[in-house]
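Below, in structure tokens: the form predicted alone, a single chain.
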């Protein structure tokens, strides 16, 4: 079984930033990624809020560049699916489709994925009108009409954010009152966001990209079509923490409990990016987590020679 100073599980911006920093510090580093460099970032065609790219950057391309930069300093990447983890052993053991690997420290960068509508055409239209992050993709809809689907704080915050960019914003919610904090209702009215109550999205209309949505009133069954250039799905995110359950402390939503040091409840195990408890989940905050985790992983290794 091959052993490393640091095993990074997940090759998104948090994972590859951590790998870059640990490899540059002379620590043997392995990144295990199941699909492709970049994680969720790689599914975004244009990222325009990552510093250093005034014209925006393709998420897939940015992921590839992050991988190459980490590898330049000696980080190794193996593409395979992690099937299990033993985080309480010394060293920690990561089981994967490509074999088992031992790590003196482990940095978990497994991310979180958005809950989807689960209707026909959703995957096909991702990046062509279907989006899951208003602060990531909102600028692409400046001056246009968009729908936000959801009724919690995230959905309302997305609608308010988009109302400053878009000509018209609809907030579609399947109930007759918001789950979001009451203070938001007044703000929605002031910003001109139109709430469509008791409704759910049942179909996506498209030509080359999204042109509108079909709504169904959940009480009457009545259907209507709403012309829209985009839909932002804001019905929650699911952290990829199934293999950490029972080994690490998780919060009520299933995220790994870790502060700005990225330390988890198990010494020598760190969590970065969307998978950990945090207020803001963006590419730039994931990268910052990676740098922090690398620093404290190195500190841990120095204390456990």
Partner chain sequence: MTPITITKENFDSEVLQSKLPVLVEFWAPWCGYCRRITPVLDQLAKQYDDQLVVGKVNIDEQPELEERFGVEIIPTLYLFRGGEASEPIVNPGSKAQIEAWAGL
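Numbering follows the first chain given and starts at 1. The model shown is predicted, which means the values in this text are computed figures rather than measured ones.
Absent from the display: the form predicted in complex with its partner chain. The rest refers to it.
Asker: Its partner chain isn't shown here, but in the predicted bound form which of 181, 217, 135, 191 has a heavy atom within 4.5 Å of it?
Answerer: Contact residue from the list: 135.
Asker: Under a 4.5 angstroms heavy atom criterion, identify the one residue in 247, 28, 43, 69 near its partner chain in the predicted bound form.
Answerer: Spelling it out, the residue with a heavy atom inside the cut-off is 43.
Asker: Based on heavy atom distances of 4.5 Å or less, which listed stretch (171-179, 135-143, 148-156, 116-124) is in contact with its partner chain in the predicted bound form?
Answerer: It is the stretch 135-143.
Asker: Hey, with its partner chain in the predicted bound form, do 63, 257 and 263 all fall inside the 4.5 Å heavy atom range?
Answerer: No, the whole trio is out of contact, none within 4.5 Å by any heavy atom.
Asker: Using 4.5 Å between non-hydrogen atoms, is residue 81 touching its partner chain in the predicted bound form?
Answerer: Contact check for residue 81: yes, within 4.5 Å of its partner chain in the predicted bound form.
Asker: At the 4.5 Å heavy atom threshold, is residue 277 in contact with its partner chain in the predicted bound form?
Answerer: Close contact is absent here: in the predicted bound form, residue 277 is far from its partner chain, nothing within 4.5 Å, heavy atoms only.
Asker: Residue-level contact is defined here as any heavy atom of the residue lying within 4.5 Å of its partner chain in the predicted bound form; does residue 33 satisfy this criterion?
Answerer: Answer yes; at least one heavy atom of residue 33 falls within 4.5 Å of its partner chain in the predicted bound form.
Asker: Residue-level question: is residue 202 within 4.5 Å of its partner chain in the predicted bound form, judged on heavy atoms?
Answerer: The answer is no: residue 202 has no heavy atom within 4.5 Å of its partner chain.
Asker: Scan 97-115 and write down, in order along the chain, each residue with a heavy atom lying within 4.5 Å of its partner chain in the predicted bound form.
Answerer: Going through 97-115 in order - heavy atoms within 4.5 Å of its partner chain in the predicted bound form - the hits are 97, 98.
Asker: By 3 Å or more, the Cα spacing of residue 279 and residue 139 differs in the predicted bound form; is it closer or farther than in this view?
Answerer: Residue 279 and residue 139 sit farther apart in the predicted bound form.
Asker: Since the C-alpha distance between residue 136 and residue 43 changes by 3 Å or more in the predicted bound form, give its direction relative to the shown form: closer or farther.
Answerer: Their C-alpha distance shrinks by at least 3 Å in the predicted bound form.
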